[in-house]
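Let's start with one chain on its own, the form predicted on its own, as C-alpha cells.
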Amino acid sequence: MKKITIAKGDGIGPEIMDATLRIITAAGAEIEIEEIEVGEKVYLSGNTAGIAPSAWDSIRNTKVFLKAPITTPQGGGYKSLNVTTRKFLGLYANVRPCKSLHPFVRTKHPEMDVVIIRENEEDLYAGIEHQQTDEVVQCLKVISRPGCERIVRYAFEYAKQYGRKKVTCFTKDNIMKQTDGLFHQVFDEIAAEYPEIENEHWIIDIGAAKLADTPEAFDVIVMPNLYGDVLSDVAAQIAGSVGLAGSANIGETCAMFEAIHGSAPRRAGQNMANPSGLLQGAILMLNHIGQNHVAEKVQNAWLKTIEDGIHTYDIFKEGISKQKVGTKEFADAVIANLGKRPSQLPSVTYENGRSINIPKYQRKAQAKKDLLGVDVFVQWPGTDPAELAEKVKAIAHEGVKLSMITNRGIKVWPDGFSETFCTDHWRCRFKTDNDRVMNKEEIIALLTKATQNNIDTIKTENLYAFNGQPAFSLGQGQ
C-alpha cells in the first residue's frame, strides 16, 4: 500500500479527481490517500503561496502528489503554485506524452506518438526580473550545467526504459550561444553515452514548425523550460486535445502528477468535464510507484472507452462519437472496460515501467577563471552614442579602456549606424589593454568615477574566460 497526497483543486478539479480516484481504485490501485487543500481558497485566506506548511509536510512525507487543476487569483502578489511546487521540491523533469487517438479523436496527425521532456526549474522561469530604466525591463535566462545534465540524461533514460528509438534536442543556440549553447553541448556529451539511441538537434523555430507539420518524425524531444512549456501544449493539441493530456513532474525524491489543462470554472459542478487529463496523470503516477499492472489495466480500459465512442462534450464529434456522456458516466464506462483492451487503437504493456533514477550530479573540477573586463550598464536619456562615449571615457583609467557600447544588444559605438533605434539603457564594455587579467579593484574604481561624474550606473556584468575561453557574448554586429 502506497500513501499518496492528493489535492482536488478548484473549478472542475473536485469532479475529475473523484472520477479519477474511482477508476484507479476499481482497477486495484494499492494507495492510501492523504488529502490537502491548495489553490484559490488558500490564496484568498491570505496565504499568497496557495499552500499551507502542513500541506508541504504531507507531500514531502508521501513524496507523491496527484493534483487537480487550481485557480490562481488574478492580480499581483500571487505566485503560481505549479511553479512553486516544481522548484521547492526539485521537480526538474516535466514529462508529457502526446499520442494520437485517430480515428476516434479528430487530429490531422494520425501517426503521432511524441513525448515532450521539459526542463522544469530554470531558464527564463527562474523568475528573476528587474526594471532597470524608465524604458527597459530585464528577465534573466539562467541555464546551469547540473540542470542540463539531469534533464538530458532523464530523456535518454526514459527512451531506454520505454523502448523509444530517438531523442531530439531543441534549442536556439545559433543566437543564445552561451545559455542554449550549454544545453546543446551537454546534450551532445550525454548522447554519446547512449549509442543505441538515435540523437539529433534542431533549432527551435524550424523544429517547432516540423513538429506542428510532421510530428511523426519525432519520438522523444528534450528542451529547456520555456520552449518545452509552449511546445508541450502545442503537441498535446495537435495530437487531439489539450484536455486529454496528463503530465509528470519528477524530482530526485518527490514527484507531482497532474492534468495539463486549467480549472475551467465555467464548467464546474455541471458533470461535463473530461477527466482524461488527470487520469493520464494518475497512470503516470501508477507507473512511477511501481504499480505498472494497474496503470496498464486503466490505460487499456480508457483506450477501449475512447474507441467505443463514449466521449465527453469536448471531444464529441458527430459521425465519430457514439454517445455523449458526463464526467461520472465516462468514469463508469472506463470502470466497465477494466480488463479489456482496445481492438483498433494499440494497447499498452507496462511490464518494464518503473521509476527512473538519475545519479546525483557530480560537480566538476573548477575551471581556471580569468576576469577580462566588465560591462557597465547605465541609464542615459540621450540618443547620440558618440556623446555618451565621450562621457563614459572619463571614468576609464590607465590600462582599462572603453571598447564598445551597445543598446539592446546592438553595437552602436564605435562605428554604429544612425538608423539604429536606441532606448535609455546602454551597455558600456571596458576591457584591459592587451587583454591582461583585470582585478575587481579596477571595477570599483570605474564605478567610483562614474558616481563622481554623475553617470547613472544600473548594474555590472563581469567578463570571464574559463580555461582560456572567453565566456561572454559579443555585441550584435561585432
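Residues carry their position along the shown sequence, with the first being 1. Everything numeric in this text was worked out from a predicted model, so none of it was measured.
Beyond the structure shown, there is the form predicted in complex with ligand NAD, which is absent from this document and is the topic of what follows.
Undergrad: Is there a non-hydrogen atom of Tyr361 within 4.5 angstroms of a non-hydrogen atom of ligand NAD in the predicted complex?
TA: Tyr361 lies outside the contact set for ligand NAD.
Undergrad: So in the predicted complex, does any heavy atom of Gly50 sit within 4.5 Å of ligand NAD?
TA: Gly50 lies outside the contact set for ligand NAD.
Undergrad: Would Ile70 count as touching ligand NAD in the predicted complex under a 4.5 Å heavy atom rule?
TA: Yes, Ile70 is a contact residue.
Undergrad: Give a yes or no for Val334: in the predicted complex, does one of its heavy atoms lie within 4.5 Å of a heavy atom belonging to ligand NAD?
TA: Flag for Val334 set to no.
Undergrad: Which residue, Ala264, Ala245, Leu303, Ala295, is the contact with ligand NAD in the predicted complex, using a 4.5 Å heavy atom cutoff?
TA: For this set of options, the contacting one is Ala264.
Undergrad: Which one of Asn82, Gln379, Thr349, Thr383 is close to ligand NAD in the predicted complex, taking close to mean a heavy atom within 4.5 Å?
TA: That would be Asn82.
Undergrad: Looking at 142 to 150, 159 to 167, 307 to 315, 113 to 121, which lies within 4.5 angstroms of ligand NAD in the predicted complex, counting heavy atoms?
TA: Every other range fails; the passing one is 307 to 315.
Undergrad: Relative to ligand NAD in the predicted complex, which residues of 2 to 19 have a heavy atom no more than 4.5 Å away?
TA: Sequence-ordered list has one entry, Ile12.
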